[in-house]
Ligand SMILES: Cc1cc2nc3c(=O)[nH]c(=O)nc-3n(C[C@H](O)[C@H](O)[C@H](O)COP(=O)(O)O)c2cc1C
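Encoded as structure tokens, the following chain is the form predicted alone, with no partner shown.
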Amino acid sequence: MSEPTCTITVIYYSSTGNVAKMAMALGDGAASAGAEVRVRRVAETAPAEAIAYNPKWADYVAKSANDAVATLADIEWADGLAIGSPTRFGGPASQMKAFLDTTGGLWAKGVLVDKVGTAFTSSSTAHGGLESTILAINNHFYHWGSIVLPLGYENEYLLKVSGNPYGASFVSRKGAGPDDVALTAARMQGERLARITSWVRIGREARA
């Protein structure tokens, strides 16, 4: 078995499972490009009464209870990172923000410098903050000294079908799950992340 080209951690928060499905697709894309991949969810911190208000939320919390939870070690381990969150008033969910706010120790040690980072999201409305959520997540990469990687328009599918160069995104109208367009874009984003991250890793190892 060949050595992995790089290590990728996909970290996501999902309340009803949509972002989780995109995270899995992105991880599959990275693995297909030769990366060793970890997919980790951010712990749920919302009060029980808020979760109970939305049956889909409560159902997903129960179903995902045994899924691996993200730790700072998962960030430190990775050459490249993908971070995904649903939009909350135009920014990432508080659960994700709270987790990212714990990375100060890694930042202080400089271990986040030159990691490759990319972001993805989902919203319930077409203008519910898809791009602003991705840009808000990217702010962490800037402060970490990481290399921000957009999805871009590197092929005709992304230009004419998916249409969001910031990162994979999905509009969940009436609670629908991610469609083939969103999942395909997420897989492409994972493949691109692994490909570019492997180049960065090669350059870093050559310089060492």
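Everything quoted here is computed from the prediction, not taken from an experiment. For every residue, the number given is its place in the sequence shown, counted from 1.
Note that the form predicted together with the ligand isn't included here; everything after this is about it.
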*in the predicted complex, do T16, F89 and G128 all reach within 4.5 Å of the ligand through at least one heavy atom apiece?*
yes
*asked:* Counting any heavy atom within 4.5 Å as contact, can you tell me which stretch out of 115-123, 100-108, 68-76, 134-142 lines the ligand in the predicted complex?
replied: 115-123
*According to a 4.5 angstroms non-hydrogen atom cut-off, is S146 in contact with the ligand in the predicted complex?*
no
*Can S172 be called a contact residue for the ligand in the predicted complex at 4.5 Å between heavy atoms?*
yes
*Determine the residues of 176-202 with a heavy atom within 4.5 Å of the ligand in the predicted complex and present them in sequence order; the list may be empty.*
none
